[in-house]
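Below are two forms of the same protein chain, given as structure tokens: structure 1, then structure 2.
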Structure 1
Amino acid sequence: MFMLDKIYTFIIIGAIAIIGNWVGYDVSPIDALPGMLIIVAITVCGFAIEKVLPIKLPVVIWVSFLALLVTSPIFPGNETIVKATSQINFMALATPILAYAGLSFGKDLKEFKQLGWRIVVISLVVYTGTFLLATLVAEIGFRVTGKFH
């Protein structure tokens, strides 16, 4: 069946995150399980929609939209879903992601060694630029509208 390896992978990552959530944030796996099942289900449905629908949009949009929908006040049982998913600390979910990022580090190292110093400098400038300018514009927006200050 299509996507079966993706579903396995999400379940494994979910299980790892539940353990991290337990070690780092003292949430017992039993309390965290329903929320994680919901998060995995939302993600799998997002992938399924992307696969089935003829409109080609990035999966991230479907996953976000579904998560937003089932937790918004118009969805029946949204409060239960919000309560269950709030047991999963977002930091605990990010730790395995960054672990995968770390483990793929060596892959690009060879290519990196062939790059000149200029491109390394510019890549740092590019990442600084996008973060700094967006932050600056948001800050100006907040000060002008008087929100959050």
Structure 2
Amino acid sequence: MFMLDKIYTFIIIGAIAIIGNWVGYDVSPIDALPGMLIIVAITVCGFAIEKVLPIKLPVVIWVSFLALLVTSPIFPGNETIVKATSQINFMALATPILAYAGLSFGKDLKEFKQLGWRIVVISLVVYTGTFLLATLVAEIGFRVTGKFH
């Protein structure tokens, strides 16, 4: 039952992403559907692998590994998978996922309030540090490659 709820959630997120892809990036839902079905299938398979294998790693690792495998040159039909999934714009996919994450955060709001003001300070420091480090890495990368000087 737990897995079925996740599959429904992935399908709903996929449908919202297809609509966002259509509205925001002018990609026909018919063109985007095969790629979204592949993305949902890879995600479901990653969750299934995490449940079955005795190695306890975060689901995101299994999903990422599976996605890398099926799009790598050693996988038969990888060109078809890459072509289909390239119809999905990342931001069209990220928007409903982040909205879902925000909604799921709402159910833990009571526990979050118990952490007090210290968690706000820690969060701001972590987010600021992450942003600054990512900016530094990007700046170094741009300077090394000679872009945006």
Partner chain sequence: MKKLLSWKIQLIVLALVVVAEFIGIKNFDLGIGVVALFPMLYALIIGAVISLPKLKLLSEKDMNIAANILGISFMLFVAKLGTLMGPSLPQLMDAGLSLTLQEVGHFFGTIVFGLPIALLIGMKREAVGATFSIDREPNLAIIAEKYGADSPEGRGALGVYVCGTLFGAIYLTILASILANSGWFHPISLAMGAGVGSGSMMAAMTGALAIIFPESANDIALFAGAANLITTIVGTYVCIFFSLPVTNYLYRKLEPVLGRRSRKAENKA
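Along the sequence of structure 1, residues get numbers from 1 upward. C-alpha atoms forming the largest set that superposes within 1.5 Å between two forms make up the rigid core. Because the structure is a prediction, the values reported are computed rather than measured.
- Remark: structure 1 matches the stated condition (the form predicted in complex with its partner chain).
- Superposed on the core, the two forms barely differ at K83: its CA moves less than 2 Å between structures 1 and 2.
- Once both forms are overlaid on the rigid core, the distance between the two CA positions of Q114 between structures 1 and 2 is 2 angstroms or more.
- When the rigid core is held fixed, the Cα atom of T9 travels less than 2 angstroms between structures 1 and 2.
- Lined up on the core, F142 has its CA atom moved by 8.1 Å between structures 1 and 2.
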